[in-house]
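The data below hold one chain only, encoded as structure tokens and taken in the form predicted alone.
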């Protein structure tokens, strides 16, 4: 089991990027899980978890007042759990993705609580905000950013500490072959991504042609390597 400090730090940074700052897309599961896998000593396994979670996360639009899973810290936990499991044994990808999904659900709940706390702070500083106080605005923004960083770090550390022992025990009694386990994860992730793509095709004019062009470019890129 790797130390919790790197997991907390990575989870905090990637979780902060989801909504608050700097929104540079490095919180996407493909990036976050790959980096976490590298820290855990198995970059490739982390990347595989990130690909699967990225396909599932396509259905999430993290803006507005909607409630949604928090994929930044979740991908860190999923990638780290899968990468830290015993190499050569089946089930690592499946268990990593399951750990990531559980963390995404918990992270979504924590985001709701963070918003409630920020709203409480804003109500307390309402007179200063109504007066146009620059200090009140800056302090409220910094409090929100700091709170989100601490929230994501805590969710990542606690989720990894609780889920890794469960994943390790599950891998010890895993009976499905690695090919069957991977096929199950790929099928579920592809089904979710396909549903999202179908929704976009029906709501955006010309989207199917952009998708087809991008797919063709990707296939050609693989063929010329």
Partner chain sequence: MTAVLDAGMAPHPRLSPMTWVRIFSRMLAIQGSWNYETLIGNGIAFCVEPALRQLPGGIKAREFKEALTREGAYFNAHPYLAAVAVGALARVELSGVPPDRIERFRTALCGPLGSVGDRLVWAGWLPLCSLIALLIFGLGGGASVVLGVFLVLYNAGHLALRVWGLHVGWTRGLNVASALANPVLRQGPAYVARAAAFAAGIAVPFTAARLLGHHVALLGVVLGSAALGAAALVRLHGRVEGYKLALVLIALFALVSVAR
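For clarity, a rigid core is taken as the largest C-alpha set superposing within 1.5 Å between two forms. Positions refer to the first chain, counted from 1. The shown structure was predicted, so the numbers you read here are calculated from the model rather than taken from an experiment.
The form predicted together with the partner chain is left out here; the points below concern that form.
In the predicted bound form, the partner chain sits within 4.5 Å of a heavy atom of residue 130. The partner chain in the predicted bound form is approached by residue 34, whose closest heavy atom lies within 4.5 angstroms of it. In the predicted bound form, the partner chain sits beyond 4.5 Å of every heavy atom of residue 5. Interface membership of residue 194, defined by any non-hydrogen atom within 4.5 Å of the partner chain in the predicted bound form, is confirmed.
Taking the partner chain as positioned in the predicted bound form, the residues of 133-153 that bring a heavy atom within 4.5 Å of it are, in sequence order, 133, 134, 137, 138, 140, 141, 144, 145. Relative to the superposed rigid core, residue 22 undergoes a CA displacement smaller than 2 Å between the shown form and the other one.
Once both forms are overlaid on the rigid core, the distance between the two CA positions of residue 207 between the shown form and the other one is 2 angstroms or more.
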